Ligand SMILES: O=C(O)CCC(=O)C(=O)O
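We begin with a single chain expressed as structure tokens, specifically the form predicted on its own.
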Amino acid sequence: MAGSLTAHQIDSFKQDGFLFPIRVADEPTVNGWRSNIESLELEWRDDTSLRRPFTDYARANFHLVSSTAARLAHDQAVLDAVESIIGPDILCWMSELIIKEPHSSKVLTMHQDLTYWGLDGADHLVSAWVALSDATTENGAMRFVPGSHLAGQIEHRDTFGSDNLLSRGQEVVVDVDPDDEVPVELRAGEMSLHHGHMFHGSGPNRTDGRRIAMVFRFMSPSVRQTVGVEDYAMTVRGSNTSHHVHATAVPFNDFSSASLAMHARVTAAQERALTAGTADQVSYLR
């Protein structure tokens, strides 16, 4: 599988703001990941004992309640590539199970990840998008704008669109030429990495199949929360040398009472940063 990135790949990431495809799992392995996650979804999606719908837990910090997602966050091939970008001490700040159902109209407008997270140190964070199914232009693969991360943080406007998967329907205020966009087509078991200031978005799923991915937001312990009062992350490689990021535990049992309590605490802290500067109701969980 992937292993550490080459010097050429690292230079490419620095120049373009993204890198793909990176093979992290063979077909039997990724099929096992997908099967475990969809079995968990089937088991819990209608469970009325949960305080929130299953989709809420999947949409934000899934690694705190799902042992499969937590194992994926610790995957050696994933972390070898991430370490090449941000160094040997790696924290998982957020994870998302992102599913575009067949013929879904849901989209992501062109945006930058870091806009409302309240985190500094953009060069010490990276998003890892692990495909659990093929991602194609037809089923809503991401689109990147090469080199856009070099502009730093750009102003965004909030649209709160009903078909937008983003928390505030945020989009960059600059016009993006579609000819400048690169479709991020991946086979199941492949991964893309992108910088927190990368312009990216995705279209609807026009196919009969689900588009499924696990997305992890990894950071080094040097990154700080500048908006929220407190912050949390799971140490997935090396050490958490930070004095301001609280450690989260690996969930050995899916949806245990302890993991549900941790999920509630962590997500509430992240949403306090997310809601800064708006009077509208905002949540990762929509």
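The model shown is predicted, which means the values in this text are computed figures rather than measured ones. In this text, residue numbers run from 1 along the sequence as written.
The protein also exists as the form predicted in complex with the named molecule; that form is not presented, and the subsequent description refers to it.
- Contact with the named molecule in the model of the complex, defined as any heavy atom within 4.5 Å, is confined among 254-262, 229-237, 215-223, 33-41 to 215-223.
- Highlighted residues Tyr116, Gly121 and His197: none comes within 4.5 Å of the named molecule in the model of the complex, counting any heavy atom.
- Only one of Ser95, Asn205, Ser202, Ser148 lies close to the named molecule in the model of the complex, with a heavy atom inside 4.5 Å, and it is Ser202.
- Scanning Leu72, Leu79, Leu186, Leu108 against the named molecule in the model of the complex with a 4.5 Å heavy atom cut-off leaves one residue, Leu108.
- Though the partner is left out of this view, Leu193 does not reach within 4.5 Å of the named molecule in the model of the complex, counting heavy atoms only.
- Ile85 falls outside the set of residues with a heavy atom inside 4.5 Å of the named molecule in the model of the complex.
- Put simply, Met142 is close to the named molecule in the model of the complex: some heavy atom of it is within 4.5 Å.
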